[in-house]
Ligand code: HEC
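Next up: just one chain, as structure tokens, the form predicted alone.
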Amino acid sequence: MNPTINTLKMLAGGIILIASTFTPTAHAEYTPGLGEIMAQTAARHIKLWYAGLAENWQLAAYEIDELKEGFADAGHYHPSHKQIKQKLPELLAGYMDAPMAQLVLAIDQRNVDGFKKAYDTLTTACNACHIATEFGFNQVQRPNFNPFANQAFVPNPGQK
């Protein structure tokens, strides 16, 4: 057998052995900041808009699910935050649950007009939450350009 191939196999086996015995230490855990979670939420908000406009209902449903996960993460990792008086999970549920349910319904019904209305309701709820928590300087709106030029929002031809 070729000595170079044998050397590469031994090296690869050694790397796999070392990697399999690696145990991360407690300090290696990472907790995302609330600002990082909300920045990702803003990106999901934009993608949701373009998915709904393109009637890509699978993608819109995915983005709604990701928004829900992001809000859950925000409440989990940051049950309280700075000057916010109310617990974050309760606050987010109070502002976001109803608008998110309206969006899910519009997506399930494949209703573009209902989607637009529910999206605006969600956007209004985001801004109301920001005002209530003294983050009113952070205003959310419908996107006016698509920053995700590398993503196709129209459904794939075989997609239902």
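Predicted model, so just to flag it, every value in this text is computed and none were measured. The first residue of the sequence shown is number 1, and the count goes up from there.
Only in words, not in the display: the form predicted together with this ligand, which the text now covers.
Contact annotation: residue 102 falls outside 4.5 Å of this ligand in the predicted bound form, judged by heavy atom distances. In the predicted bound form, this ligand lies within 4.5 Å of some heavy atom of residue 92. Taking the partner from elsewhere, residue 135 is found to have a heavy atom lying within 4.5 Å of this ligand in the predicted bound form.
Contact check for residue 39: a non-hydrogen atom falls within 4.5 Å of this ligand in the predicted bound form.
For the marked spot (35, 71 and 81), a heavy atom within 4.5 Å of this ligand in the predicted bound form is present in each of the three residues. With the partner omitted from this view, the residue of 64, 51, 107, 122 that lies near this ligand in the predicted bound form is 122 [heavy atom within 4.5 Å].
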